[in-house]
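Listed next as structure tokens is one chain, alone, in the form predicted alone.
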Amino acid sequence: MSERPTVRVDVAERRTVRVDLAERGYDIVIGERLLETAEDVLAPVVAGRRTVVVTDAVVRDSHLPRLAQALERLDIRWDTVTIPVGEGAKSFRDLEALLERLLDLGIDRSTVLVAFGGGVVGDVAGFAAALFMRGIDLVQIPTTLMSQVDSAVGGKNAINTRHGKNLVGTFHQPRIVLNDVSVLESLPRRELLSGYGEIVKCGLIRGEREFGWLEEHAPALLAFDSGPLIEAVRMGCETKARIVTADERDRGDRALVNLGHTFAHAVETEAGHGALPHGEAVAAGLAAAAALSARLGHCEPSIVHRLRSHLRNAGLPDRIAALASNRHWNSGAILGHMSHDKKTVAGRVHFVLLRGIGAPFVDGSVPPNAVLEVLDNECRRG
């Protein structure tokens, strides 16, 4: 799908990926220590405009002082709104609270909303930006690996309901995305690995060279080696940007970025929203999708074995049973949750499957008994 990623990157160099959506296109800027000079990137969007930074308490306490200095140098009026930490904030209740707080601040349609945090902050702030006065400008400054390579790119914003994950939402593209990889050093190991689950997905989508590069460089990037880390973030953003450019509204090829997610979202719903790191569920979902592909004869079983080996070596679960050591997974219940998946059309679940590494496709004719057979195996211990 693309040329082989560079093995090393000059850490002082900024990398830019373009999401080409004509007049709504925007840049994703990637590099180290970008918050300290954020005014250089943000000025074209926020200069002379009221700005509100939406964040959570963890990011506020850890990283807001660095961003605040840049905003002060822009000489603009800006405020901070803090939302609750965690997946529970992706709710009607907390979305309403954020909108009411924005109204309390007296902002108007010229205001810029800055989503400064992980995927939850990005989703809730992005949704609010889409709704407030029928849409105000949004800037994404993601602070987790997961959000830098996936959720902050592409304009999809959503909240959860009791029926499932991300079922209520909008498309609202940001004006710019600022990916400062230095903020990732503060992440707990498990959170970093969760983001790496999305990067593995990108490698599977892109091709043999990219997946092979990840197999070779995963230890370095997971140890915060800036060169490989920047390259992995760039690869993830470029993968998402290419697909979003071709299919912004998720009607066709964009579904490919959901490789593994039909299984992952169903597992997350079964476990309860926020009970599992999303990237761990994605990792197990990737293995299940590969296993289903092999079960249906679309790809060689060796691909499944290779994927499981890489996930284990990286420290990620390689099957659903590995997600929680003390939990019994009900394969029938997980299959039932899939009926609420966004890719379900006319009662049929559309799965993203593999013909090989770099060859994903959407299949809307998968027999439920084949899915249940794979789920039984993926949920079985030992």
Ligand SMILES: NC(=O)c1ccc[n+]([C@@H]2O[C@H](COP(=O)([O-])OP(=O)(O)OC[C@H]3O[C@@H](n4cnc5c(N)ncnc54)[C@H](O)[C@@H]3O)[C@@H](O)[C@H]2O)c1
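As the structure is a computational prediction, the values presented were derived from the model and not from experiment. All residue numbers refer to positions in the sequence shown, first residue = 1.
The discussion below concerns the form predicted in complex with the named molecule, not included here.
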Using a 4.5 Å heavy atom cut-off, indicate which stretch of 229-237, 165-173, 305-313, 287-295 touches the named molecule in the predicted complex.
-> 165-173
Give a yes/no on whether Leu187 approaches the named molecule to within 4.5 Å in the predicted complex, heavy atoms considered.
-> yes
Would Ser147 show up as a contact with the named molecule in the predicted complex if we use heavy atoms at 4.5 Å?
-> yes
Arg319: touches the named molecule in the predicted complex, heavy atom cutoff 4.5 angstroms = no
Non-hydrogen atom contact Thr262 with the named molecule in the predicted complex at 4.5 angstroms | no
What is the one choice in Ala241, Leu221, Leu102, Val183 with a heavy atom within 4.5 Å of the named molecule in the predicted complex?
-> Val183
Candidate from Val58, Leu64, Ala70, Val45 lying within 4.5 Å of the named molecule in the predicted complex - any heavy atom | Val58
